[in-house]
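In structure tokens, one chain follows: the form predicted alone.
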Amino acid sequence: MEIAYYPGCSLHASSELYDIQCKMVFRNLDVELKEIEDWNCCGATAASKMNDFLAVALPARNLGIAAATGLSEIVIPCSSCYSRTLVSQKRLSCDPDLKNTINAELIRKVEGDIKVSSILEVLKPKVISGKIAEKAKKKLDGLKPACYYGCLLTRFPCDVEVPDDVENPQGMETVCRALGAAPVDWSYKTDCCGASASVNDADQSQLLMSRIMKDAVARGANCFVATCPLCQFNLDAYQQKVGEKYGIEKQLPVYFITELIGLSMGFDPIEMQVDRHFTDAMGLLKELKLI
């Protein structure tokens, strides 16, 4: 099975390990990710704040490239990239004049409706079919993740079809339970971590992160699991600073969902680069005898 694949800027830079893990995990699930050629930045959060036309046009170019592959689906692991691409597709379908204006400048036109999927949309059917259980070599006993979706995976600035519960999504929990982990029930799974404001408004971003961290610890979680590279980076890189500032003594490793699946499949954690986290991600796995 082949699916078009858009890694986006983060997975080729600060979250390169996520790109590596995605390819390892999906290959083992008999899904070949075909990275679209000559892709460009989707604009992320910056374009939508600065230039509405570019916020649609940038992802539109990628949609045209993806459609030209002849594949029926594209998976986008980054929540921001997924959101921008899905919104662009919706805007273009509702505004023929805008679509014609953008297509006039594109070599590969936006044609048809290639399915734009988050990583969870592709993984969940693999749980239901039993494919993930079939490939698992070990149960992740003792792992109690707080599944953190962030604010972009279920909330959009226009009316799009959301494949999960908006207020209480369960896609990540479904995958985690299939791996033998016991995700906690908590209140901040779709709250914002501050995103890029961690750079230009550190105080506000750290306040938001402190609320997320406090609730996860209070609910008995021993780790976070995420799909968004920016959410993962913020909680991972700033956790010590936020903890010191807001009196949160316990630090929790922040895993990508692909790391948990890979561990269950028996992949080498060093090959998956689990040791590259800012907040120690190896100690808990050793303590639970998962590695």
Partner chain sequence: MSSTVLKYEATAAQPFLDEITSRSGQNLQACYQCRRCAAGCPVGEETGVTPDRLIRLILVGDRETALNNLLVWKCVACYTCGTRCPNNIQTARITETLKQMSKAAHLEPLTPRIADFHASFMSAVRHLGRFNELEGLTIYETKTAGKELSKGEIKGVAGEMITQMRLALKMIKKKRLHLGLDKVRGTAEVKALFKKAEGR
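Numbering follows the first chain given and starts at 1. In this text the structure is predicted, and so the values were computed from the model without any measurement.
Below, we turn to the form predicted together with the partner chain, even though it does not appear here.
With the partner chain left out of view, the stretch that reaches within 4.5 Å of it through heavy atoms in the model of the complex is, among 69-77, 137-145, 114-122, 207-215, 207-215. Annotated contacts: Ser15, Phe233 and Asp275 all touch the partner chain in the model of the complex [non-hydrogen atom within 4.5 angstroms]. With a 4.5 Å cutoff on heavy atoms, Ala182 does not count as touching the partner chain in the model of the complex; it lies far away.
Although the partner is absent here, Phe26 lies well away from the partner chain in the model of the complex, with no heavy atom inside 4.5 Å. Proximity of Ile248 to the partner chain in the model of the complex falls outside the 4.5 Å heavy atom cutoff. Shown alone here, Phe156 lies within 4.5 Å of the partner chain in the model of the complex, counting heavy atoms only. Residues from 169-184 do not approach the partner chain in the model of the complex: none has a non-hydrogen atom within 4.5 Å of it.
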